[in-house]
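First, one chain by itself in structure tokens, the form predicted on its own.
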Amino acid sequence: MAYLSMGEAHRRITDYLSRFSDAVSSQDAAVLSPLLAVSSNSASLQSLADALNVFQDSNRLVGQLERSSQLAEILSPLLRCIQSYRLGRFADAYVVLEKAANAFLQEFRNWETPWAMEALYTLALEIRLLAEKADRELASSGKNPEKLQGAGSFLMRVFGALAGKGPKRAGALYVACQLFKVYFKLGTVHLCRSVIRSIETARIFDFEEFPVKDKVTYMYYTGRLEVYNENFLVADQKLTYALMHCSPRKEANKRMILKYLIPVKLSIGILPKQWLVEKYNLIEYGEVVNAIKKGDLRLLRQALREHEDRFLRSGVYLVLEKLELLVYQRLIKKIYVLQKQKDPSKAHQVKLEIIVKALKWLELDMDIDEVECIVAILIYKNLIKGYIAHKSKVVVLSKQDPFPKLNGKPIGS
């Protein structure tokens, strides 16, 4: 850092305080929001942090503001946060940012109009991002990483402030999405339920009144939640909404949505096009789709093994594992088609021994009893129409639609 005189430091701090105070007085959220963006690479905030390191009595300057009594509880901790953040002391920065944020929220409650909504959004984002940095810092030094949990509590208070009647409620969905990000990060996704109930069943909100980008984020997270709960039809609706309404310019976001939508579509029998998999660089799913098309159980298991860590992190491994039934169905269908070409009159009678041989060719050793058990499950799950002639060890397939399509129903429903 170049030499900074006491006078220049004084000027930078008073300039920041004046801009903050004027923005509040004139209700100018566009000016106020960047002043709260602690984690941004803003040159003005970096120069302010340098000034705070030189001029140690910023509280006195805060006290000289015209509206010092109203703004001091926001500005004093906010300045300490900016200073601590630039010094890399993220846990310290979080503690004082939470104080500033709570004071700001109190003022926001008192303001009659939602003029400061964008500034509140900035604080909601900053408190989450800083909490994540603080927890990484605490964990690396062997301390309890608890700040993100605290950020969740603060965001819930913000959500409560927005969840009433009036124009401020339009900001509730943005804050709900920040809460989802916290809960998913902490592994406490069950806490999403109370927020979802408020949005979807409390009749406080009209979903269509929210900004499109917030609706997309909301549908993405609630869709993921339905994947975890294996409510695939609802997950399909929500994730499809998110994909269809996502900005065409946000390819990274579309890829994130597809990471969950593709396994959901697979679970209801809809295979994605190869171009889609390639465009969004989701090659791991391409291998799964190829296994289903070929009826190749070995290929499916190989894909699951190869990409296990990625699928587990995404929470879709168990969803994909259940596709084994679909692969068995495809394998038996292939045998049926080959038999139909050779002798159409006997195509609907598939010997279990032939299925055993097909699996052996795929280097999968199963005896005839195991195969009979699998076929029985396929019949029970309505993936095959027919019955097993146990004595002759033959699957007798229905002559009408022996391999029913899922038609949007999840495997095994």
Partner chain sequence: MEDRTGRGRGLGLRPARKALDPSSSIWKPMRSCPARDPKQTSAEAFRERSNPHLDDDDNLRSPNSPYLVGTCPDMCPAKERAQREMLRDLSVFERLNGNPARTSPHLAVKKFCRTISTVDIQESDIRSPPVLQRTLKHLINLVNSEEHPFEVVHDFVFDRTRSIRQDLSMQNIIDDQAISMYEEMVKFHVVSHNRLAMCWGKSDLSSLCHLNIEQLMKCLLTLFKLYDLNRLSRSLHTNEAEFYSFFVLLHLGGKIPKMGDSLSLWYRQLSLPILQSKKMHFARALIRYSQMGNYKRFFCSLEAEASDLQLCLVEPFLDEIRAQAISHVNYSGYKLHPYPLMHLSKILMIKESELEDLCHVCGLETSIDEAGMKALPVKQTKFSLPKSGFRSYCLSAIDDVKR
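Here the structure is a predicted model, which means the values were calculated and not measured. Positions refer to the first chain, counted from 1.
The protein also exists as the form predicted together with the partner chain; that form is not presented, and the subsequent description refers to it.
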* Select from the listed residues R197, K342, H190, K273 the one whose heavy atoms reach within 4.5 Å of the partner chain in the model of the complex. => H190
* To do: Heavy atom within 4.5 Å of the partner chain in the model of the complex: which of L362, I379, A37, I354 fits that? Just give me the one.
  => I379
* Residue stretch of 206-214, 122-130, 283-291, 96-104 approaching the partner chain in the model of the complex, non-hydrogen atom distance within 4.5 Å -> 96-104
* To do: Identify whether the partner chain in the model of the complex is within 4.5 Å of every residue in the set Q149, E324 and E370, based on non-hydrogen atoms.
  => yes
* Quick one: does G88 come within 4.5 Å of the partner chain in the model of the complex, counting heavy atoms only? -> no
* **K238 within 4.5 Å of the partner chain in the model of the complex, heavy atoms** => no
* To do: Answer with yes or no whether W115 is in contact with the partner chain in the model of the complex, where contact means some heavy atom within 4.5 Å.
  => no
* Should G160 be counted as a contact of the partner chain in the model of the complex, where contact means heavy atoms within 4.5 Å? -> no
* Quick one: which residues from 165-186 get a non-hydrogen atom within 4.5 Å of the partner chain in the model of the complex? -> F184
